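First, one chain by itself: the form predicted alone, in structure tokens.
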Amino acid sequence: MYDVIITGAGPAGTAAGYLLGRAGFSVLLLDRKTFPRKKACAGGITPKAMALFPFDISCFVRRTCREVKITRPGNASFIVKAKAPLCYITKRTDLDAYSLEKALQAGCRFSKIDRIIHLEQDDHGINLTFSCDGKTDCVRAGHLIGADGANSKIRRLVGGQWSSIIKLPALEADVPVKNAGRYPMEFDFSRDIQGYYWIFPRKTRVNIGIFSALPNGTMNRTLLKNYAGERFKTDALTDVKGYPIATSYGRAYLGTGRVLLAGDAAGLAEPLLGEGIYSALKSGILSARAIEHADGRKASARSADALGWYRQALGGLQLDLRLYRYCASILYRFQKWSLAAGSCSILQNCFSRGYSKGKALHEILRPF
């Protein structure tokens, strides 16, 4: 019998596990992968996400970006600058392995599983059945945090497949180039898509990719090869990966009973640029706090409904996701005019200052 089972050892799951382990809860972390494992992710960490990590990750920052290039339709471009960092570039393989290590040091137990089979819950806890190495096992816990990604099996098992989750496609690859550091971080809206291409520079290569703001957006390896050829005079791609980014446009299904959903499993990525690490960390941290709050073992806590507390605590994030949806609908419907307005130095300064300070979108927009 565990206090908490967490499915998924990404940012949401490990942040929750770390905090619960340090608070004295017995935690079982489950994942289908052995760590370190390759993770489809460009590796950009925003300042507000950086501030949420419950442990220091500065040693995994490969580049700090204080400038971001925005390429508009027609190939005109402008540079967004800030005195403080606008983005930190990491490698998710290393970062996720370290986050899991910190959760284990906090007292969590980790098990690799093949697949989740069944989940049932009652008034006092949940039973989770899964397979591992051809054998079936069942464990019981007081609560479960489903942090198992955009294709979450936990969400389906608790009825969340009927919720309004939208999967936005992304495709990425690495391109080996000389002097990769000379390239700026870039969001390229010059292509004829409702979305953008990106360039994230690293030491010996650049990470390029395509994000679609439409669930059925077209993307394939040929598009990436052509883009690499145009921008870097090479079509040599490595580590090509496609993946869904799950959003709910601010109407997230956060679980039922003793099951709480976090990160992409709840559809908490923002639909404007597809950033999801911040919301994964935020929801992972708040799901842990909700369980602490409901447990009552601390003098400051009281017996309560964890899910109800969690829903209320995520109100600010849900508001931000609705604002991101509104901004995305304007940007991708009127890209030329939206990005022309975005080149205005007054707007740039307002957003870059707020963004670099780690403010939420509703805080940045408040003066307007």
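Each residue number is its position in the shown sequence, starting from 1. This is a predicted model, so every value here is computed, not measured.
As for the form predicted in complex with a small molecule, it is not shown, yet the points below apply to it.
Contact annotation for the candidate site: 25, 126 and 314 all lie away from the small molecule in the model of the complex (no heavy atom within 4.5 Å). Note on contacts: among 35, 326, 332, 309, the single residue with a heavy atom within 4.5 Å of the small molecule in the model of the complex is 35.
This chain appears without its partner; in the model of the complex, the one residue of 280, 103, 291, 144 with a heavy atom within 4.5 Å of the small molecule is 280.
Contact annotation for residue 186: none of its heavy atoms lies within 4.5 Å of the small molecule in the model of the complex. At least one heavy atom of residue 30 is located within 4.5 Å of the small molecule in the model of the complex. Taking the partner from elsewhere, residue 9 is found to have a heavy atom lying within 4.5 Å of the small molecule in the model of the complex. The shortest heavy atom separation between residue 193 and the small molecule in the model of the complex exceeds 4.5 Å. Contact with the small molecule in the model of the complex, defined as any heavy atom within 4.5 Å, is confined among 263-271, 249-257, 118-126, 230-238 to 263-271.
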